[in-house]
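Okay, so we've got the same protein chain twice, two forms, each given alone as structure tokens, structure 1 and structure 2.
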Structure 1
Amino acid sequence: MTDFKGGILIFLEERNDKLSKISLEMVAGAFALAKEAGCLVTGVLIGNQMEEAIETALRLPINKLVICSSGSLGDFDSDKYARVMEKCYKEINPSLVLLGSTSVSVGIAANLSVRLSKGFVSDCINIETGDEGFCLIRPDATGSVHQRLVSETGESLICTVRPGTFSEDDLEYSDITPEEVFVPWEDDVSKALELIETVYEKKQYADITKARVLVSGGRGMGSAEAFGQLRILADLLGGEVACSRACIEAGWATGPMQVGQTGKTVHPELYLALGISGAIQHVTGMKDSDLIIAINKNPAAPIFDVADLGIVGNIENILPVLIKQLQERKGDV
């Protein structure tokens, strides 16, 4: 039987004194994995002025919370953060290190991997336990094949987890307070780089991973004009617009809207799939939605295999009627 040693170490990403959504998702996933493996979970918070983030973290189902707070850590620096994570790693010796697949955490993960000479697996979409240790599942470069990766030598692995892989809804807040460990920051006077300014880009797109309702279009929409009608439908349903990879390639939509192996993993209450064939690359990203309704003119489309309700017909005939009916119910006509 595999010895999971120091358990799971999680980098809890914090911005503006708030724990990120991906951090909460990873804790939910790690808690379930730890129960199967019989191991401990340790969270690491790095930054400055993190009172609210610490308060939230102390209610999470983790065994230990490591805190490193310093004024020099207020501005994100992947090298500094990786040095703190390295120190935590050597103290705990975990079997698995989890970080989110975000612009912040990917740099830390790569830096930490080099520092420790440990394997780094990026963009995982699932994690399992087994006799060989933790098994990491991720799409290959084409997005058409799932890779299952384990460490042949039983060594620990560092991985980044795609947002939506685990569900924040599965998070169990605990009455047992985790052990707090404060790690002092030891600044290095020799600086190869100096941070001059941090500029945050204003978000231009809604986060489809947080939407309760998603209206998603595929190649079967036929044109950019038809795809644009999905915005009307999404607004009527109080949701957001998503898409398959085919719409990105056709130029009808942008990257942040894509669902699937090379896009985002989503768990909405309602997933309305219009003109989506249901290739495995897309289904992987939305199959755990609470209710899936599919509209496609091909009765043999694979999307119907995962749909709770399927409608066979032409989008150009069904979509205008659906929009009109909803508008009439809302009194918009």
Structure 2
Amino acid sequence: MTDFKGGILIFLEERNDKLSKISLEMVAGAFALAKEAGCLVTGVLIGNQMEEAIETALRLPINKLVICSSGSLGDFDSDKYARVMEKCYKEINPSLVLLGSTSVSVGIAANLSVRLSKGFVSDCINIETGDEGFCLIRPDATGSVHQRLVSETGESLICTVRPGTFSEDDLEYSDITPEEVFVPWEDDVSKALELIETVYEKKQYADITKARVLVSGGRGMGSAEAFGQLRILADLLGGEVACSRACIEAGWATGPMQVGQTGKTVHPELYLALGISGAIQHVTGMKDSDLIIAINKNPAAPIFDVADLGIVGNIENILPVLIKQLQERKGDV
């Protein structure tokens, strides 16, 4: 059964009065899908103090913008957000609901799925239109195989989309202002969760999906100290430091730096892989980088199968020389 007529409903994530990158990516993706399917796109924006976010959202290529603004909402309470989404869903009856694969949205998606008794597919890496409606694509447990999923019942699906699936660069801002709909928030006293404090840790968690250049270390870095050297290289190249899961396990790096199936999907202009073997679960997250350069001492390391330039050698020797040559070069110009 092909049915797109309900269109696509997108939860637009707002952070500090700005639309998050994943929201813009989802709109870019939904716009292309809606064109293929000939359906409408509705965005939902929930939160408080969102003047700037609303201004941006009104320029997006969507047909309708639902705004729910209230001082008492907080993104830590997925139940409250899901209730607003439920209202929108029942108004619109979409064929597909999109949310970002983020710490905020995954809870809202699960809650909404139960409220509506609709299927929930997390962490999609692509969406297509097909004979059976929208097809959601996501890696299986091994990471080497992708599955194409559709609704079993012909009903709509709720899906979280992994950052980097669609490109913000494809977004065309529109001159046609979407229809604005305001949904009031009826506050109730269910206070199962309360926010006590928010701590921002900006510096530590640079968004590796946004970096032009990623210097990525693996277990082959050998130690926390050696791993720390990657920062110098990243600064010289104007990039950020990323890593394989082995480095998280070793305690050299933190979760948001991980690339791969259970980490982030990245496509920088340059991905420099140092001491990374190239396990399929890692490669899944970085193989679409424009230029991949790998250093590994094992000539049989699978990372060389995806590298544009591979260097078989010891990082302990190469890294200091590479840093030195780059510093000299910077001094030159």
Ligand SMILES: Cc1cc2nc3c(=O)[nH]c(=O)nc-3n(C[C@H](O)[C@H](O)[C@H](O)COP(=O)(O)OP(=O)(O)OC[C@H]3O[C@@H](n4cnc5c(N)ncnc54)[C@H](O)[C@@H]3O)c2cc1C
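Throughout, residue numbering runs from 1 along the sequence of structure 1. By rigid core we mean the largest C-alpha set that fits within 1.5 Å across both forms. Predicted model only: the values in this text are computed from it and were never measured.
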Next item on the list: Looking at the two shown chains, say which is the form predicted alone.
Entry: 1
Note to self: Is G260 displaced by at least 2 Å at its C-alpha between structure 1 and structure 2 when the rigid core is overlaid?
What the structure shows: yes
Next item on the list: Align both forms on the core first, then report whether I54 has a C-alpha shift of 2 Å or more between structure 1 and structure 2.
Entry: no
Notebook entry, point to check: Does the distance between the two CA positions of R245 reach 2 Å or more between structure 1 and structure 2, the core being superposed?
Noted result: yes
Checklist line | Per-residue Cα shift, P302, between structure 1 and structure 2 [Å; core superposed] | finding: 6.2
Margin query: Can you give me the Cα shift for V215 between structure 1 and structure 2? Core-superposed, in angstrom, one decimal please.
Written below: 2.5
